[in-house]
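Just the one chain here, the form predicted on its own, laid out as structure tokens.
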């Protein structure tokens, strides 16, 4: 197939999303069957931001598929400065089979994908986080919930990568999402995402609600989700003001009590207890955060196999 990239969940169709999730489940169940699937293939991992789960899951995943992963920090490199992103993409394409990049600016990923001759995966940018969201959908399915029928409620800072791609997922797959945040532009989803997802929902049967009402968002939710209030690009000097603004949107036992009795709690990690959620929630019986973390490994294997044109 022609070269494909994954920069946002919106880059995949609904059939592709469902196919990759099922593929990841089979990989998880029988990893040895894929032990040589990417033999002699090389993954270049470009990191501008810190990472735990992303680096571990991609590097371990490539090893378990029989391939090789190269870690390269671009935090202090000449990328985009002394050497253009386009030249880097063209050069790397002569050496490696696939690239993943974890950057601040989403535009850098777009530039990389435009000029690379090999597939490019967004391992996190300020705008989107598709690998995380695909693994989240896989994890929700594992808990016995139909991802086409769920209501997902997201609380906190909604102008971030996880919220944006969860919204795109709702539009692509066709489920209901309610994002709940302070009624201020700095915390609200970007207008482009809102417009894109509204259009996708009209085509695919999804539903999008943006609200400041915690009860409205939580009512009837199958999944309750939150993320850090202090994303990597936010200066520490803003912490006090952000905590004050976002504390009413903290996920605690009261919020969980507004959702369905069998609702699950999700956070892509890292998490700060006492901030975006309380300890009793993230460490409680409804929390599935470490199942999410594990599934990054399996879903990313499936993504790499798919983008490299391997057959299931």
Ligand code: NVA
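These numbers come from a predicted model, not from an experiment. Numbering follows the first chain given and starts at 1.
If you look for the form predicted together with the named molecule, you will not find it shown, but the lines that follow are about it.
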- residue 227 within 4.5 Å of the named molecule in the predicted bound form, heavy atoms: yes
- Message: Since only the chain is shown here, I'm wondering whether residue 231 would be in contact with the named molecule in the predicted bound form (any heavy atom pair within 4.5 Å).
- Response: yes
- Item | Touches the named molecule in the predicted bound form: residue 160 (any heavy atom, 4.5 Å) | yes
- Task: Report whether the minimum heavy atom distance between residue 109 and the named molecule in the predicted bound form is within 4.5 Å.
- Result: no
- Using heavy atoms only and a 4.5 Å cut-off, determine which of 223, 138, 180, 124 is in contact with the named molecule in the predicted bound form. 124
- Query: Which of 248, 270, 257, 285 has a heavy atom within 4.5 Å of the named molecule in the predicted bound form?
  - Reply: 270
- Query: Of the listed stretches (199-207, 92-100, 184-192, 161-169), which one has a non-hydrogen atom within 4.5 Å of the named molecule in the predicted bound form?
  - Reply: 161-169
